[in-house]
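Taking the form predicted on its own, here's one chain by itself in structure tokens.
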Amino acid sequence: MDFILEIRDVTKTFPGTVANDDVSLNVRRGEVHALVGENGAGKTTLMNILYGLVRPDSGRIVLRGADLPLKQGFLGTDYGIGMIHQHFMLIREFTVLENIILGAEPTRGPVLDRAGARRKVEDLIARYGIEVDLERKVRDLSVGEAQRVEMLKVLYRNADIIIMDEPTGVLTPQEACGLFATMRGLVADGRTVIFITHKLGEVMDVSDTVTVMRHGRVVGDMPVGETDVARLAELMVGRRLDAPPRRSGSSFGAPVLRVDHVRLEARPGVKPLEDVCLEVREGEVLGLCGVEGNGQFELFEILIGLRRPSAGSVVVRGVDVTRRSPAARREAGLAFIPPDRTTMGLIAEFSLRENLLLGRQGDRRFSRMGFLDGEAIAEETSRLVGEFGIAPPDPDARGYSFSGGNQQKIVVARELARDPEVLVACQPTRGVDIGATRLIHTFILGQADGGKGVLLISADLAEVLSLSDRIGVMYRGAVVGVLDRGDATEEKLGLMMAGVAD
């Protein structure tokens, strides 16, 4: 076999955790090799070792027939390895072009050849169709645009092994197809792609080989043609999964959330939102989808009170909360699942107990005469850990020590513990494994079944289609249409997300 990469008996431990336990796998030259597993299975740690960001405790990695210097340390880019991280490695104050060429700046004599660098990047943009404004600063980019910058960084450095960590989470179905075509083009050029994803359908669509990890070990390795989605899911979680939850027919009550003619002008000439109108009713899940960067995040910030709209109003159960603080909106019955759990949902240095209490520390149930009631807090922590399946159940464990899926469970548990009237969930399962995703979906549907209103903002069309009663589509800061679930398909929604509507 023509293996370009051989990982042999790699073990890596962190305090209290065995991230990789005697892991071995082989990757063939010129293939798309999928790596799947639940959050915390060890996938990203293994790829960080391959890229040189983490040193293993033991084991070998053989690349193109030669051992990588694991003990001495190395940088993957020096060995033709590129990595597109799930959490981006970009400098916010630099422009897109500056981020792409950083560390690999071409020079003409002693002077930076900026024009030459720009031509090379523009050639990559044209070749692979990865559109992004090279002069914009990264701080002004959407999540999807920032991911494109990461992709261009890797291609600019001519990596022949490209690691992609959850690259389709912010793409429309049409864009995902375009990415898959790009991946096949890279493979046709002789490059190798290692593809980390939670979307098992993508594994079947684009991969040649799939490796499954669970609890830090490899539990399956096979050609894609010899398996199916159900078998992969069972290997990932170690048990047969129930059918994914889907929205059943329901009756709806009075409006609980209204967004009336909301506009936002971020600065002169830049209008992220244009006359947005939405209504969520009791017992309803309203899905809102769109490619990242079309105003969804700005709308979320307005709903939770981090931004003030230039015009329009936000009304919760007949009460105008447009100019109220986030805390006052919570008192009015709103709860929020933010799109980025690491920066908006949790405080990494806080314990599990403290993160579950955030925003409720003044509640009479948990404080008496200005002092926190440790016994009541411990009881609430134990209840939420059990109800939401948070692991490990250690109330003193720090936020950063939890896997992505369990971090998201902490956020969801805290928000639903408020018993809100309206849940605004923005990308609630991004980067979350299949088991945690199904659990979170069940809790979201439980809110609607209990007569609460849910606004689900997601770029995952399968998620929107399975959970929503109605589906709105955002494009360039406006809602370009709202469809009943029975009239919506991935193809139709994808076209609307791209600005092509009936």
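Rigid core here is just the name for the largest C-alpha set that superposes within 1.5 Å across the two forms. We number the residues from 1 along the sequence you see. Bear in mind the structure is a predicted one, so any value in this text is a computation, not a measurement.
Below: the form predicted in complex with a small molecule, not depicted.
Indicate whether the small molecule has at least one heavy atom within 4.5 Å of a heavy atom of Gly472 in the model of the complex. It does not: once the small molecule is placed as it appears in the model of the complex, Gly472 has no heavy atom within 4.5 Å of it.
is_contact(Ile444, the small molecule) in the model of the complex, heavy atom dist at most 4.5 Å: Judged by the heavy-atom cut-off of 4.5 Å, Ile444 is well away from the small molecule in the model of the complex.
Test of understanding: in the model of the complex, would Asn39 fall inside 4.5 Å of the small molecule by heavy atoms? Result yes; Asn39 sits at the interface with the small molecule in the model of the complex.
In the model of the complex, does Arg148 come within 4.5 Å of the small molecule, counting heavy atoms only? Arg148 lies outside the contact set for the small molecule.
When the small molecule is placed as it is in the model of the complex, which of 287-295, 405-413, 362-370, 381-389 ends up with heavy atoms within 4.5 Å of it? Checking each option against the 4.5 Å cut-off leaves 405-413.
Which one, Thr322, Thr77, Thr95, Ser401, lies within 4.5 Å of the small molecule in the model of the complex by heavy atoms? The option sitting close enough to the partner is Ser401.
Which listed residue (Thr489, Ser24, Thr11, Thr17) meets the criterion of a heavy atom within 4.5 Å of the small molecule in the model of the complex? The residue in contact is Thr17.
Rigid core superposed: Ile390 CA moves 2 Å or more between this form and the one not shown: Yes, because once the rigid core is superposed, the C-alpha of Ile390 moves 2 Å or more between this form and the one not shown.
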